[in-house]
Every structure is written in C-alpha cells, then in structure tokens.
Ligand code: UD1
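Let's start with one chain on its own, the form predicted on its own, as structure tokens.
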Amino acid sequence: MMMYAPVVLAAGKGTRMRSTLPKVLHPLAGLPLLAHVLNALDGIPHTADFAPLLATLASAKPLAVVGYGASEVERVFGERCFYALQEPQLGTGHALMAARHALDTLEPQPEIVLVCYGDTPLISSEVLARLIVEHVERGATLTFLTAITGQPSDFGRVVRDADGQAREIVEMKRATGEQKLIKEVNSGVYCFERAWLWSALETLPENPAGEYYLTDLARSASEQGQTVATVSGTMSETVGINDRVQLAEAEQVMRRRVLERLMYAGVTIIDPATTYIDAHVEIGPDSVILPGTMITGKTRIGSFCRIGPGSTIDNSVLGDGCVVRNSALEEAILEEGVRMGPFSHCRPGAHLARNVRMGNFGEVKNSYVGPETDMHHFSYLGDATVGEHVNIGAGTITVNYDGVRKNRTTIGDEASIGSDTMLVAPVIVGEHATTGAGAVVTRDVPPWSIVAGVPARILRMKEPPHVSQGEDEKKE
C-alpha cells in the first residue's frame, strides 16, 4: 500500500496578528486555526468521490513544523501530531528541510509528501484528496494547487508554456509586468515525490532576504523534465490568515459552512445571519435554533429542542425536547424535556434532570436538580442536591458560602420550599418537608415536617398519606 505523509507548516509568529499567541493557535469557529487543517487531513480517507483510489493509500500521522511558540503548540495538540522544529524561520523551503529527519524515521517510508499551511483553516478534505489523486494518477513528481482570482495581489503567479503545462511559480516581487497580469495563482498546497524532494531542496536558491521558498521547486522540476501537475481550487479555500481582518472574514465563511451542515442534517436555523455555532457542536434533527443564539465548544443538543432567541450555550449537553429561552448555559447538563427561561442561568456543574422546569431569572451552579422538579423565578441553587418532584418557590436561595468554604444543601423528594426561603448550608431538608414563605433554615428539617420563621422552627408534622386514622387507633 502506498503511503503519504502530511506536513503542516506552522512555525510562523504571525507578526501582523499583533499578538503574543502563535498564529496557528488563534481561534476560528471555536477551534485553533491548525485544528481545522488537521481535521481536513483526517477527512481525506473518507472522501467518497475518490474512495477506490484512496483505499489503496495509507496516511502517516501529520507532522507539524513548529517554531514560534513551539511548546505552546505542542501542548495544545499533544499526540495528535508529531513535530519538527524550524529554528530560525527561513522560508517555506527551509521549513520542509526541517521536516526531513522526522519523515526519514517513518516506517514504512512514505512515497508522497503532502504539504499545506497551518494558517489555511478553510482548506477542505475534498480538495486535498483531489490533489493526492491527481498526483498518483499522473505519476507526477510535483503537484500543486492553483486558483483563478480577479485580484492576484501578492500571490505567486503560475506561468504555463504554450501547451498549458505549468513551468514555474513566480513570486510577485520577481514577476515581470506581463506576469503580474496572470490571474492563476499558487495556493500553496503541494504533493511531492519523496525520492525527488530531498535532493531538490538542497539546490533551492537563497533569495535576497536569505530565505528559501518551495515555489522555486516548480521551476526545478520542469527544467529536469519531471512531471508537474496542477489541480484547480478556489481562493476561499486556501487563503491564509495573516491579520485580524482576514481572521474575521474566514470566521464568516466557516460559520456559514457549519450552519449549512446542520441545516442539511435536519436542523432549522431561523436566521443564519444572527446565529453563531462552533464547528464541534452537534445538534439533532428537528431542533429549532432561533435568532441571536450562540452555541460554542463541544456542546451536544438532542432532537426536537427549541433554543433561543438570544440564548448562549457553551460546552453543555442537552437531551431531546429541551426548551432554552433567552438563557445561558456553561458546562451544564440538561436531560430530556427540560424547560428553562427566559433569562435563566446554568453555571458549570449544573445538572437538570428529566422534565425540570426552571423559571425566569433562576440560577443553578454545581447542583443536581431531580426529575419533574419546578424551580420558580428569582431562585438560586448553588452546591445543592435536589430530589424529584420538588417545588422550589420563587426567591429561594441556598446560602452556600460561609466566607471560608462552600457548603452543600440537600433537599429530599417531594419537598416544598416556600417563596423567599433561605437555606443556610450545610443543611438537609427531608422528603415531603415544607418550609414557610420567608423561612431562614439553619438546621436540618425532618421529613414530613412543616417549618417556618427566622430561624425556622417546626410548626407541626404532616401525616404520611399511607397512614390512616384507623391504623393509628390500632397502634394505640
């Protein structure tokens, strides 16, 4: 089986980003730029249009050539890549030279080296697969991706001979007036025959800035009579991110792709222009996303949900049939059928069980709320465990912080907490217990008791429904 080795050039600082963060770590649709490129590489074998040929190819783990902020890049991506250090950074040709030792240690040895850039997050698996397929079918020494653009700007121009064969890539600074009029430009993605590549890199000329460019390899291959092939793509896929303006433009493209993927999968998005969903988000069919909603991180939302308008959900899990109106969730879990909002807030560690109903301006933090529980408006549950079928009256607060440590509140099944109750933790409210409106509970409340006052005292005990008057008489 033939093998190819993906190499991602990711060593640049990104001076025009005006940032201490390595350029390839800047976020786009919730993922670092480099992550989008690695995702595209991962998707190559699954590209259906070229399945028969791709089935005969195997891929090595991607090699990232790092430089500025190398340790930070390695910390973020860990074992997803292996790494080569380019130090100092002397151009794209020099970067690939830095990868040689790492690639030469691979077993089995790859026949093809696929090169792309870590700052091109819009590249797709499909165009990378087309490049590899063209390279293999043509038996080419070098295959590179091109694009036609009405504004070539500073991209390298693709110079062809009378037969239409690509002969060289001319950088804009070295281009003649005639060459600057060429609309076909180099997109910076290459396939190389490995057996030819290393010796060719050793002959790369040094440019006036003391750097070595991969673009010069096209001319070297042509002059040697090697087969040079091209694949035509689009500028939108291969444009590099060099500053914050380009980052914002790429964000729009990527987010539109994400929304279209979800819509084609059965999700209704009422107004894509005001809806922001990260690349890793999963949403089940027949869910509806209303305007002004932002869903980020690794959030998973089930089917038949209704989210928004104006909701924000981050790194949370929602079951089927949830409704989240004008509310915020952070690292929270909502089981099926939960309804919350408007203007409710689930902070990290919140877990709302099946069919919980949470009213407006309610807040839950690091707490479990049991099935079928009603939590009414203006209530706060922090560091609490609440049973099932509990009624939490409006304005209820768990006083969980004593100035030194967080303390826990436990509320048993079918308890009823009166409006404006303060539960001063640590405290336990037993099953079927009731607190009166405005109670300040500082001691544990026994099951089936009714308490009220400041501080709360037992008024009387309720009779469990399964104990009848006749049974009491027999006991006497």
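Between two forms, the rigid core is the largest collection of C-alphas that superpose within 1.5 Å. Throughout, we count residues from 1 along the sequence that is shown. Computed from a predicted structure; not experimentally measured.
Not pictured, yet referred to below: the form predicted together with this ligand.
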For this ligand in the predicted bound form, the stretch among 266-274, 312-320, 117-125, 359-367 with residues bearing a heavy atom within 4.5 Å is 117-125
Exactly one of Gly302, Gly240, Gly387, Gly395 comes within 4.5 Å of this ligand in the predicted bound form through a heavy atom, and that residue is Gly240
Interface check vs this ligand in the predicted bound form: of Gln89, Asn355, Gln179, Thr296, the one with a heavy atom inside 4.5 Å is Gln89
Is the gap between Arg16 and this ligand in the predicted bound form 4.5 Å or less for some heavy atom pair?
yes
Look up in the predicted bound form whether Thr215 has a non-hydrogen atom within 4.5 angstroms of this ligand, and give yes or no. yes
Would Asp286 count as a contact of this ligand in the predicted bound form, using a 4.5 angstroms cut-off between non-hydrogen atoms? no
Check your understanding: Do Ala95 and this ligand come within 4.5 Å of each other in the predicted bound form, heavy atoms counted?
Key -> yes
Those residues of 1-18 with a non-hydrogen atom no more than 4.5 Å from this ligand in the predicted bound form are Leu9, Ala10, Ala11, Gly12, Arg16
Quiz prompt | Rigid core superposed: His101 CA moves 2 Å or more between the shown form and the other one | solution = no
- Message: Could you check, with the core superposed, whether the Cα atom of Glu171 shifts 2 Å or more between the shown form and the other one?
- Response: yes
